[in-house]
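One chain follows as structure tokens, the form predicted on its own.
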Amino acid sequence: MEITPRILKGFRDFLPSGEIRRKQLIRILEDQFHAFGFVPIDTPMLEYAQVLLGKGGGETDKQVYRFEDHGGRDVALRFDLTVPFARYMAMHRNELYLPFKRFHISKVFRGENTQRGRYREFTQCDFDIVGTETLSSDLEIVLMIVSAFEALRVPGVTVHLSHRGVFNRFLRHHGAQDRGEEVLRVVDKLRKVGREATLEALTELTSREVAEKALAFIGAQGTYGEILTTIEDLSGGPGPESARLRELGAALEQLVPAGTVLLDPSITRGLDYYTGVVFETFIKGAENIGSVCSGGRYDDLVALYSRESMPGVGASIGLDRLLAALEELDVGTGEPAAVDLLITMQDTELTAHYHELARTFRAAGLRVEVFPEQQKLGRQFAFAERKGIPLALVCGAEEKASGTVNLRILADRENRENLKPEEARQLAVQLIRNPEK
């Protein structure tokens, strides 16, 4: 019986060009995480359902892939990397040091409606600081976000931040704390559904008066300081939560370019485990993709699995959304080369020589492939061009005897002939690393 090849909705295969681009972005992010002192960890994709569903939130719980395994255990695929990290910290606390700074880049799964930049299997790039509740840790996560997108060379990035605690004070001040989680989820969808739909939904949950004030809160306008004053007044006056926002704003004013980080009270984050500062990151011209990096402070999450208090703050870059945004802006979407140089096969008796040449070019920092079959040179060049390889090395019996090679620049159809191997290596490195020179 012939099986029809097909793939589940919301899941994807990646061709080499797409996967190379993803890996390039991941390498850049890993370098940035290391530069800030974050260390890598990993956790299983499959966890006990009870572990994952303890604090995700009602709407997220509905999207979890949950089933009974062969041993009759109630298990689920992780829907994010933060909840498994809380379990990880509770289990390995005695093996680690605090504060602990980790990053984790891996796949997660949610059975949600698919759309551009949103899939059922997707990659998150998380970075967190656990074991401290200081201003410094909140600030460092924001600086990490800014630094990561600068390194990725993504234009028009703004980080929108707020504080869940200030909004919780607003709810208590207006007697709506009992509907807090529902109100937060409604507010979290403001960008998707618009003001009128949000007002109607809030009125059903509270009252028209509270709904109007909630919209005044989340829609506050002005400078960072003016917005902070407005939301403080609507929340019954200053408190420790708004003080944290004030300190954070003052530090960021010194450390990041103006307009890079904005105080935005509409940012509440829908997941239940956030307790303090929250962030969402948008790219100008690709706002329809949504936030490409989100997170916040979650001081109570580890308490689900441990009696020890372990405050934490972190954020997650959605790699698939980021790629969708870059495609929308046509930024960095050219097909990346997997290999720098193809060594052509002119004579099978020289196979060992070709591989020796490849070894010396790799030692110079180039990515090198040896074509495995003796074919017409034109076919080998065509193979290189189709794969996006910019350079080809030609060496037949005559060149081998004279101790020379020929280098072909494929895009220009230009040959550099009778080069010593060392000269060819130096030229190839120059062409790859400084293509305009």
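C-alpha atoms forming the largest set that superposes within 1.5 Å between two forms make up the rigid core. Note that residue numbering begins at 1 and tracks the sequence as displayed. Just so it is clear, the structure is predicted and the values come from calculations on it, not from any experiment.
One more form of this protein, predicted together with the RNA, exists but is not displayed; see below.
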**Message:** For the interface check, one of 225-233, 199-207, 110-118, 239-247 should have non-hydrogen atoms within 4.5 Å of the RNA in the predicted bound form; which one?
**Reply:** 110-118
**Message:** Between Pro372, Gly396, Gly403, Pro40, only one gets a heavy atom within 4.5 angstroms of the RNA in the predicted bound form; which residue is that?
**Reply:** Gly396
**Complete:** Interface check vs the RNA in the predicted bound form: of Arg87, Arg102, Arg78, Arg321, the one with a heavy atom inside 4.5 Å is Arg321
**Asked** All three of Lys9, Ser291 and Arg413 touching the RNA in the predicted bound form at 4.5 Å, heavy atom to heavy atom?
**Response** yes
**Message:** in the predicted bound form, does His34 come within 4.5 Å of the RNA, counting heavy atoms only?
**Reply:** no
**Message:** I'd like to check something about His355: if you look in the predicted bound form, is any of its heavy atoms closer than or equal to 4.5 Å to a heavy atom of the RNA?
**Reply:** no
**Asked** Wondering, does Phe122 line up within 4.5 Å of the RNA in the predicted bound form on heavy atoms?
**Response** yes
**Asked** Is Arg359 close enough to touch the RNA in the predicted bound form, meaning at least one heavy atom pair within 4.5 Å?
**Response** no
**Message:** How about Gln124 - superposed on the rigid core, does its CA move between this form and the one not shown by 2 Å or more?
**Reply:** no
**Prompt:** Can we say the CA of Lys400 moves by at least 2 Å between this form and the one not shown when the core is superposed?
**Reply:** yes
**Request:** Answer yes if the CA of Val183 moves 2 Å or more between this form and the one not shown after aligning the rigid core, and no otherwise.
**Result:** yes
